[in-house]
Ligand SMILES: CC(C)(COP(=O)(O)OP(=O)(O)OC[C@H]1O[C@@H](n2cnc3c(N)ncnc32)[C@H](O)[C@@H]1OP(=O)(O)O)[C@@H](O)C(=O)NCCC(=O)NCCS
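Only one chain is shown below, in structure tokens, and it's the form predicted on its own.
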């Protein structure tokens, strides 16, 4: 539209283009105030059996394990890291990106943040259990593994009925 830049810069309403000095998105560690947003994001995936159900109480107890992508105060992505220090590995879990924002490599941004956290903890690998996104994780460099390659504590909890693929990545 002719004059749209002038209209955006010199009117209160603008035309719908946002001009900012920094990105409107931030990747950060989650805090207790993010629980409602995380629940809104993951609940549809839990209902379809894509993610394992987490209660509000469980999220409250584990919130420090979560990383989020926030855009204008809205949680549009999340992932958690559950370390197994003895085995020098960690589980990347509860990976979700809002459907309206899946085209901008936000999953990759979350993965990179989780990898940095894992390295800082002294972990050598991370693993995921997935029923739907095998191809995406392979594209990110993950390779297939089997149940005996999981940490002992996770092997005991592995749900054979879900038939999740186990994928690992060196950090």
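Fair warning: this is a prediction, and the values are worked out from it, not measured in the lab. Positions refer to the first chain, counted from 1.
Missing here is the form predicted together with this ligand; even so, the following discussion is about that form.
For the candidate spot formed by 14, 24 and 73, no residue has a non-hydrogen atom within 4.5 angstroms of this ligand in the model of the complex.
The partner is absent here, but in the model of the complex a heavy atom of 51, alone among 118, 51, 38, 30, sits within 4.5 Å of this ligand.
Only one of 58 to 66, 142 to 150, 30 to 38, 101 to 109 places residue heavy atoms within 4.5 angstroms of this ligand in the model of the complex, namely 101 to 109.
Interface membership of residue 125, defined by any non-hydrogen atom within 4.5 Å of this ligand in the model of the complex, is ruled out. At the 4.5 Å threshold, heavy atoms of residue 43 stay clear of this ligand in the model of the complex, well away from it. In the model of the complex, this ligand sits within 4.5 Å of a heavy atom belonging to residue 95. Residues are counted as partner-facing when one of their heavy atoms sits within 4.5 Å of this ligand in the model of the complex; in 110 to 136 these are 129, 130, 132, 133, 135, 136, in sequence order.
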